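In structure tokens, the next block holds one chain alone, the form predicted alone.
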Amino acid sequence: MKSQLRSIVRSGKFMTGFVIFVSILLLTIIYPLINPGDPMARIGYDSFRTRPGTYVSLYDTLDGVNTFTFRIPGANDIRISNKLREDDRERIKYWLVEYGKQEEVAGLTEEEIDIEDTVALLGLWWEFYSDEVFVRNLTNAERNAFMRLDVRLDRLFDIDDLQVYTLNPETGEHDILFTEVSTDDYINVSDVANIIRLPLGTDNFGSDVLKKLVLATATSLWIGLVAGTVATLIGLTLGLLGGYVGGIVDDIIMFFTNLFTVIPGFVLLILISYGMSQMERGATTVAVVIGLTSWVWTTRSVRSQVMSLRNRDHVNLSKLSGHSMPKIIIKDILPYIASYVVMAFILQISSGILAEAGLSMLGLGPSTTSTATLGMMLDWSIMKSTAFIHGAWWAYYPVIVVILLISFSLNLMNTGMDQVFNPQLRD
């Protein structure tokens, strides 16, 4: 046993998967301590508009915070470049290319116009664009849109000091100068009272995606653990009984095993979940249902292993010694298949997490507003809120990455153990 444990520790695949899995597990434990609070709380009110980043209170930056004057070279160019949106750049390029084709202007081609070069792009726009220029391939709606774009571009360079006025209690009008903000005014962020960091922005509910992702990961790991435990216990018990006892007991067990094999497990899982009300579909309940529908392959595999062991010399010796069947199974058979059971348990955890994700994508996963799962986050962001249409990649890509990492790490651990315990795979 010690030599096998040393072999497992020396296995690069097992240790890689183990480190990834433990890192994810530690994240679900440590992050809530560093960043406490309700992960489901709604902190943002703009659906999918809160991109990943650090946010400071605008009110606090204006109210009594010391300002410092810096004249940074190129600050205005950076400001303009940042305000010129990606879609505006594409539209400018589209107009220039169409105009270049019509008038046969050199330099106005798809390959020669660089939308990332703000100065050059705007230079070409102001050199060639005019409300009086008629481009044949454009509709009237597109021409009006380009006119509005031109007005908005002119406003980018109309940069004046900002003046903030407050209400005059005597006149009831905003005529009291509160503060004046220049383009050269800067503040120290550490002086701002309220700062919030959102590494993954907010989702369609306005919740912190990272905080919710950590909660969802912990819940999904719990679902995988419960589902894997239920499936492994059922499969191990039936496999041990069928493989060792044989006869009518084995026939009955194999009858139900074959029956469940014919019916696809995920289809059965969908039918059971659909038959349950939303109030009944808690995370633990769904995990148990997943376990009850995924024990078949464990049963068949354990049974075949036990059938090859039940007539071994040490087992026959225990029989002749008058040992009871439970004692023989526990002491003489189970230790020889313990490594296989552990590998089956690892795969059942991974299967349980993936099953929950698939079930939630169909709207049949856990129904709760107090917690989240990885599958529910995918369902909320992709199926119900079409985050990809809004370009809100942070609402679903991290979830997919976490699911892949968990599945990859568990399968890597299983492969590493298989290479240690399976003689046919040893180097």
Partner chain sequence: MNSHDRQLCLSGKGVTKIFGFGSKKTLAVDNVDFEFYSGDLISIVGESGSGKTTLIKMLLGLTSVTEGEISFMGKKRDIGSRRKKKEYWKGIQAIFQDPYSSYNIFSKIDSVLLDCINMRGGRLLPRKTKIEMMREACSFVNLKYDEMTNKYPFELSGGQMQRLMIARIFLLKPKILLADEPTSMIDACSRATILDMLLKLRDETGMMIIFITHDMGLAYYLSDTVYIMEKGKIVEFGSADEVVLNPKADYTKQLLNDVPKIHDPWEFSKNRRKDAQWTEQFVV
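Residue numbers count along the first chain shown, from 1. Because the structure is a prediction, the values reported are computed rather than measured.
Omitted here: the form predicted in complex with the partner chain. The next part is about that form.
Review point. Which of these stretches, 227-235, 208-216, 315-323, 296-304, has heavy atoms within 4.5 Å of the partner chain in the predicted complex?
Key: Looking at the partner contacts, the answer comes out as 315-323.
**Study point:** Exercise: residue 123 in contact with the partner chain in the predicted complex, heavy atom 4.5 Å
**Key:** Contact check for residue 123: no, nothing within 4.5 Å of the partner chain in the predicted complex.
Point to revise | Partner contact for residue 275 in the predicted complex: the partner chain, 4.5 angstroms, heavy atom | key: Result no; residue 275 lies far from the partner chain in the predicted complex.
Review point. So in the predicted complex, does any heavy atom of residue 174 sit within 4.5 Å of the partner chain?
Key: Flag for residue 174 set to no.
Review point. Does the partner chain get within 4.5 angstroms of any non-hydrogen atom of residue 336 in the predicted complex?
Key: Answer yes; at least one heavy atom of residue 336 falls within 4.5 Å of the partner chain in the predicted complex.
Check your understanding: From the list 331, 155, 136, 83, which entry has a heavy atom within 4.5 Å of the partner chain in the predicted complex?
Key -> Selected option: 331.
Exercise for review: Could you list the residues in 243-263 that come within 4.5 Å of the partner chain in the predicted complex, counting only heavy atoms and keeping sequence order?
Suggested key: Residues within 4.5 Å: none.
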